[in-house]
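Quick heads-up: it's one chain on its own, the form predicted on its own, in structure tokens.
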């Protein structure tokens, strides 16, 4: 592992939408600097270089990883490239922030953890929603004990019509995406609720995935992933988390419409014996004995991508675990994988 200077120098691999957001976050983070980028697509490279002006622009990510000026790498490639790109970056002595999902399989995530820890490199997985202003305030309230004993959470991320395709249709191909709505939206929904609950260890997982909306996929495209998933996770200590995720469903009118006029809802509710907190609309509902007191809350100010980047850079400097730690990435992949196993077997999975 190379010595770190006053400024953490970062490279971005994969220059799609997430790559641009990470570049903006680097620009907003004191002591961080974007020095390199890489992408196979010429148009993406040219657009990214025009907007963000990195010192060096590469085609292959191996070229970027060989650059001695790069201290850390952000991996924003399609899902199936997360594991090989991360392992190559770690082998090159680079710290890594990888977009979600961390890997396609829990076994691969364990290999990432082993390599990162053996080489004393920081690994963080992209879960910027942990740094959303409402999540930050909710976490503080929960850590202060305001909710009392947390016993249940509900995680919701549902769309009426919103099946992504990706370049070459990779979102629809299980061998490349790892899964469908669960690994795409469920990783957000489950992780946010789990994080607010304090990241307890999962004991059992029961879930079911469905594919009923293939007619919404462009003709002749391979489609072998789920478009919805539902289930429950039970944790040590007895708390439980219920999740509902969908790319496409015939949703009822209690689900609001998004800017495109299609029904969509993304919400997290955490229940405690002293109070319940809901992220959208952001509110606290406290037990006062014979009534419940409702309080509207305001989220903290700041960008979630910038908060995540600042935490990643700080972890590199201090050697402390980032908020999105490698151990939690393993646990999260265990839970997601268990949902698929439960659905296939028709039985609850014990972890």
Ligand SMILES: NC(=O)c1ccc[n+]([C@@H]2O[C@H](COP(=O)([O-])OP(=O)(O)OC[C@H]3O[C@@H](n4cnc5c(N)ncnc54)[C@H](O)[C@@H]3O)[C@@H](O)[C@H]2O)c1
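Residue numbers count along the first chain shown, from 1. Quick caveat, the model's predicted, so the values are computed rather than measured.
The following text describes the form predicted together with the ligand, which does not appear among the structures shown.
Taken together, the three residues 159, 242 and 281 lack any non-hydrogen atom within 4.5 angstroms of the ligand in the predicted complex. A heavy atom within 4.5 Å of the ligand in the predicted complex is found for one listed residue only; from 77, 275, 155, 122, this is 77. Here is the short version: of 146, 115, 188, 105, the single residue with a heavy atom within 4.5 Å of the ligand in the predicted complex is 188. The candidate stretches are 39 to 47, 318 to 326, 26 to 34, 283 to 291, and the one lying within 4.5 Å of the ligand in the predicted complex by heavy atoms is 39 to 47. Although the partner is absent here, residue 59 lies within 4.5 Å of the ligand in the predicted complex, judged by heavy atoms.
Residue 171 belongs to the set of residues with a heavy atom inside 4.5 Å of the ligand in the predicted complex. Residue contact check for residue 100: one or more of its heavy atoms lie within 4.5 Å of the ligand in the predicted complex.
In the predicted complex, the ligand lies farther than 4.5 Å from every heavy atom of residue 339. Residue 128 is the only member of 120 to 134 with a non-hydrogen atom no more than 4.5 angstroms from the ligand in the predicted complex. CA of residue 316 to CA of residue 302: farther apart by 3 Å or more in the predicted complex than in the shown form. In the predicted complex, the CA atoms of residue 302 and residue 31 sit farther apart than in the displayed form, by at least 3 angstroms.
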